[in-house]
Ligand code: PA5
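So this first bit is one chain, no partners, the form predicted on its own, shown in structure tokens.
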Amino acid sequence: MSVPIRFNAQNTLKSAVGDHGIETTDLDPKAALDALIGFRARVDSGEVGFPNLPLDQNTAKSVERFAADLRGEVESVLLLGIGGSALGPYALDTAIRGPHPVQVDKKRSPRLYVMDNVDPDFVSAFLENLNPKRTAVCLITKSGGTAETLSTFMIVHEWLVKAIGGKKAGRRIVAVTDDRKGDLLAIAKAEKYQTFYIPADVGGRFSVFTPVGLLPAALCGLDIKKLLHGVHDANTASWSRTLETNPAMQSALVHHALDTKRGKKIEVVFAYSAYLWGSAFWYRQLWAESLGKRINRKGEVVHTGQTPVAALGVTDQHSQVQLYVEGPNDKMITFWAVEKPRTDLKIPVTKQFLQYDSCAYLAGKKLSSLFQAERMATEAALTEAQRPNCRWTLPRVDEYYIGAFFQLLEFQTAFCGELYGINAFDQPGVELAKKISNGLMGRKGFEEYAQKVGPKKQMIA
């Protein structure tokens, strides 16, 4: 089954944007097939597991049962995590229920709050504004030892225990982590927390359809069956060896060609839906951390990867487009469009305003018409300025289409990794900073790393 989400790359071609565009011959079907076969081998060998997630019905059922039991007791779900452990759940929540703090939820499901930073002002604000007696805590870290997550956990644990006691707090805390190792696994067992697991072959930025994303989604009333149905259909499309029916591969080829053949080292993701704004930040990590690599699989220094930038339509037409139209031509722009909004508004025909030309031509029109016209105009202006741009189009934003879209983007990323010849599933570049931070905080075994910030070997209080 083909997933009804379309990818259009017409405005990336030389025929549309001149020498800054690509030729159709730059999109090599053989390279595409080799990338698909190479990635398929990694999945079949057990190296990479995210394509298998929609097959795991048992985990989805367990998540739904736990969420149903707890949901009636709480009004807030406080998620403690960072990176893929936070961006995915936030993206799902805002895509379905709307951007924080303006959300539409007729079912009165719990609200999701994401504590993904250790800024003390930020953490204090959460504790001052949430009611611990009506809060559940989702504690998520695959490694089981993420400093940011465990530090906020210890603070939140004390806050929760003081309010409702240790026994009741234990029932309100659920852990999502590795099933074999890590301090969080040991803590969860000792404290008897409900625990869900992240498969060993699924990395954090690809984990949105594990309990990392499914559990907060279910607790907040999202339909995870519908979500996984979309994921399943996207899988079918993404494994297609026919390029015309594989939008993830089409997009991967276009991105790779614009980078390697036309020097478009920056991708601007222009989300034309406020509901997709959180998704742009999830994608930003997926694209940056997966493809930004120093060496390829042969050990050669290559420094690959595009820099992803998030933009919101129409808001950022008034803050960023000047640069994109007239600044350095080192970017590609990817539009995320939605055909059908959930609701629409009609601009009133108000008599006293009709004498003003700037109001008269708008009167009586649908707000969605203006919204779409502004996206189309931005695409046209960029094309006129010879700035390559492409577009993903979703029929609408609901659980099915979000599940499908996210999975297409994950496949696109995996295919690009094969095209670049790099490992899209590790992140060695972030490890050194973690070790230095551990050393500065006085963690045993990391003393030597503290010296990298200066001559003093002093622990930070």
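Residue indices: 1-based, along the sequence shown. Treat the numbers as computed from the prediction; the structure is a model and nothing was measured.
If you look for the form predicted together with the named molecule, you will not find it shown, but the lines that follow are about it.
Would you mind picking the one in S238, T146, Q250, T378 that has a heavy atom within 4.5 Å of the named molecule in the model of the complex?
Residue within 4.5 Å of the partner: T146.
I need to confirm a contact call. Of T383, Q317, Q194, Q285, which residue comes within 4.5 Å of the named molecule in the model of the complex, counting heavy atoms only?
Looking at the other structure, the residue within range turns out to be Q285.
At 4.5 Å between heavy atoms, is I82 in contact with the named molecule in the model of the complex?
Although the named molecule is absent here, I82 would touch it in the model of the complex, with heavy atoms inside 4.5 Å.
Would N423 count as touching the named molecule in the model of the complex under a 4.5 Å heavy atom rule?
Outside the cut-off, so no.
Does the named molecule get within 4.5 angstroms of any non-hydrogen atom of T141 in the model of the complex?
Answer yes; at least one heavy atom of T141 falls within 4.5 Å of the named molecule in the model of the complex.
Does any part of R40 reach within 4.5 Å of the named molecule in the model of the complex? Heavy atoms only, please.
Answer no; every heavy atom of R40 is more than 4.5 Å from the named molecule in the model of the complex.
Counting only non-hydrogen atoms, choose the one of 228-236, 276-284, 349-357, 201-209 that falls within 4.5 Å of the named molecule in the model of the complex.
One stretch meets the cut-off, namely 201-209.
May I ask whether E289, Q427 and K434 all come within 4.5 angstroms of the named molecule in the model of the complex, judged by heavy atoms?
Every residue of the spot touches the named molecule in the model of the complex.
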